[in-house]
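Single chain ahead, written as C-alpha cells, the form predicted alone.
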C-alpha cells in the first residue's frame, strides 16, 4: 500500500508539495539480504527488480514493476531452539508485480493500482485507489487512499490448506511545503484484517483471527543550502491489536559532492513492546489450548538500530547509479522504556542494494 499511495514530487529544495513528473524513468535494482543469530545463519534473499514510470498525454502517468526473490535458509529461533521450519530449512521464491495508472486534473489527481505476489505457499492479490487534492499554489496536498488485499495460505507442511486472509487499508495524509527549503508530510494509516494469522511452521502458534493496525508516520525534509545538503527526519508510532506498540525514528543526511556524487549516511532506531500472547521461555510456558499463544521472537519486546550508507552518482543523459548498505542489530535489552523479552537470541541482518536508472 505504501508504494501504491506514494506521493510523487516530494522534493525538499524549492519544490511544491504536488507536481507531476515531466519525464519518464526506468530502473533496475538488485538486493542481497542475509540475517543471522548466534551460532546459526538464517535467511538469504537475492532479489532483482525492475520499475518503469512514464507520463503521457500531458495528464497521465503509467507505472509498473516486477520483482523476483530467491530465498533460502532457516526461520527465526524459538529463543534458543530452532523451529520446525528451521530444522527442515527454507527454500522458496516470490514473484510479484504491480501496475498503477494516475490521471491528473487541474486541482486533483486520481490513481488506481493492482498488485499480485506469489510464493510456493502464499498468494496475495491487491487493488488500490488514491485521491490527491492540492491548493492553487500547489504547496499543500491532501491525500486519501484505500487498498484491499486477499491472501491464500497453503503451507508446504500441509498443517492447513487453502486458508484465507482479507485486509482493508485506509490512508489520510497531508504534504506541506513549509518554505522554499522545507517540506513536511504526515500520514495516518489504518489496517483492518480478518482470517488466518497463525504461523503454520511454528509449533503451537495460535493467533487471533482478526487484526487492526494504526500507524502515524511524519517526515520532515530540510534543505540546507549553505552545506549543499538535505536533512531528512522521520518518526512513526504504530499500534497493533495483537498488543504491540512500536516507535521508529530515523535521520539521514544527504550530502552533495563534486562530480555528481551524493553520499547519504543514516541511522534508524526501532523499539517495540511484546504482543499480548507472546510468551517468554522456556517453550511452551504459558500455553493453554484454545487461547492465543506464540513463541515467535518477532512478536517479542526489543530495540533495534540500523545504520546505513548510500552513495549515488549522476551521469550525463539522465543516467544515475547508486549503492546502499544497511546493517541491522536488535536485542531485547535495547528496548526503550523497560526491559525487553528475556531469553531471545540477538538478531542481526545486513542488506546490500544497488541500481541504475535512466530518465527519458
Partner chain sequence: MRPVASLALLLAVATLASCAWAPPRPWEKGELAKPAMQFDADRLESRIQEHVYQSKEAASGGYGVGGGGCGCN
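Quick caveat, the model's predicted, so the values are computed rather than measured. Numbering follows the first chain given and starts at 1.
Only in words, not in the display: the form predicted together with its partner chain, which the text now covers.
*asked:* Taking its partner chain as it sits in the predicted complex, is residue 72 in contact with it (heavy atom to heavy atom, 4.5 Å or less)?
replied: Judged by the heavy-atom cut-off of 4.5 Å, residue 72 is well away from its partner chain in the predicted complex.
*Should residue 33 be counted as a contact of its partner chain in the predicted complex, where contact means heavy atoms within 4.5 Å?*
Yes, residue 33 is a contact residue.
*Going by a heavy atom distance of 4.5 Å, is residue 179 a contact of its partner chain in the predicted complex?*
Because a heavy atom of residue 179 falls inside 4.5 Å of its partner chain in the predicted complex, the answer is yes.
_Touches its partner chain in the predicted complex: residue 293 (any heavy atom, 4.5 Å)_ = Heavy-atom contact with its partner chain at 4.5 Å: absent for residue 293.
*Which residue among 251, 160, 215, 156 has a heavy atom within 4.5 angstroms of its partner chain in the predicted complex?*
Contact residue from the list: 215.
*Here the chain is shown alone; which of 236, 166, 120, 103 has a heavy atom within 4.5 Å of its partner chain in the predicted complex?*
Of the listed residues, the single hit is 236.
_Stretch 220 to 249 - residues with a heavy atom within 4.5 Å of its partner chain in the predicted complex_ = If the 4.5 Å heavy-atom criterion is applied to its partner chain in the predicted complex, 220 to 249 yields 220, 221, 222, 223, 225, 229, 230, 232, 235, 236, 237, 238, 240, 244, 245, 247, 248.
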